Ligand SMILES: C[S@@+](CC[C@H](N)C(=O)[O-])C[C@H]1O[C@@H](n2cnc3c(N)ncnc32)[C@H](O)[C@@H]1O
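Before any questions on binding or motion, here is one chain by itself as structure tokens, the form predicted on its own.
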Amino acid sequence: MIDPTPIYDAATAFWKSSALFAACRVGLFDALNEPAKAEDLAKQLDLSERGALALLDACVALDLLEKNEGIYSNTPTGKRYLTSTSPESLLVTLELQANTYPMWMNLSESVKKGQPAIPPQDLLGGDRELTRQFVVGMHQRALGIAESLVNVVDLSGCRLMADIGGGPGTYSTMILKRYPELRSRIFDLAPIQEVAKALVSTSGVADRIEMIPCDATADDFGDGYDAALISGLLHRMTPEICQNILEKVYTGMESGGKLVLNDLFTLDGKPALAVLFGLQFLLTNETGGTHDAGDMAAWTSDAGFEDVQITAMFPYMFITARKA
């Protein structure tokens, strides 16, 4: 018999995400800062007892909660990422992801037409609240990734970093904390930076950050920098624009400068998360998708950079290089 398990797994995958999103929306993880029984949680959160019990048990089965003799409690992971009071909370990110459900239901139409399901500008300033959620969501996702990045990438000796498509400024602030002699120029669209300013202002390193409104597809990035970071930007671009951006960075960078690319790249068609991320971009953007790390490394070399290396750190990949 040919095993149909992959089909069933794909067909029911939304059950898991629906349970997670529902638990976040009703405040289940915040309510479980103290362990509690299902009936008590139902009263506290104004839920039906049947619904509370079903959702709680589903979260236990998904390893999002723990259950011991009828008492439910947060897992260390849930407490760290799914409570609103945690500095590493992902709740805004998850709410933004939950709001993409209607788009995914219309994926077949986007596949047929090659057009996004929503106006791409909604996330980039067209809709103020969506833009805020988008930028704060980027910040929440970036916290963990930036922690990995600063431990992998060596920017010692660098004086000025161009953070291109720097979004909420999370990478810049964490890198600057690691390197006290480094300054950063963050380049991004003006509506993105309006939201990012509040995040940067509380970072403790705002005095070493300059925010420069910029459209990376059309503008250059100045000169005089000896480090450049491009994180989570290139998946929005066509291969041709990616190559143009790399060439502009090379032109403006000082000799001996260091380049870091960080994104959801694929490598030989994996990982699946990065491949599916390309489908999401079909729903939200007119161009772009997931690029292959090997192709990106080749474009980096073609732009003039040397010592191009790929480092995988699931689900992201880092590509580092230098200007001779």
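Computed from a prediction, not measured in an experiment: that's the story for all the values here. Numbering starts at 1 and runs along the sequence shown.
The form predicted in complex with the named molecule exists for this protein as well; it is not shown, and the discussion that follows is about that form.
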* Does residue 192 reach the named molecule in the predicted complex, with heavy atoms at most 4.5 Å apart? -> yes
* Hey, in the predicted complex, does residue 217 get a heavy atom within 4.5 angstroms of the named molecule? -> yes
* Asked: Within a 4.5 Å heavy atom cut-off, is residue 248 in contact with the named molecule in the predicted complex?
  -> no
* Any of the heavy atoms of residue 185 lying within 4.5 Å of the named molecule in the predicted complex? -> no
* Structure fact -> Assert contact_stretch over 177 to 185, 96 to 104, 234 to 242, 152 to 160 against the named molecule in the predicted complex, heavy atom within 4.5 Å, equals 234 to 242
* To do: Taking 4.5 Å between heavy atoms as the contact cutoff, choose which of 253, 209, 124, 92 touches the named molecule in the predicted complex.
  => 124
* Three residues, 134, 138 and 165; all within 4.5 Å of the named molecule in the predicted complex via heavy atoms? -> yes
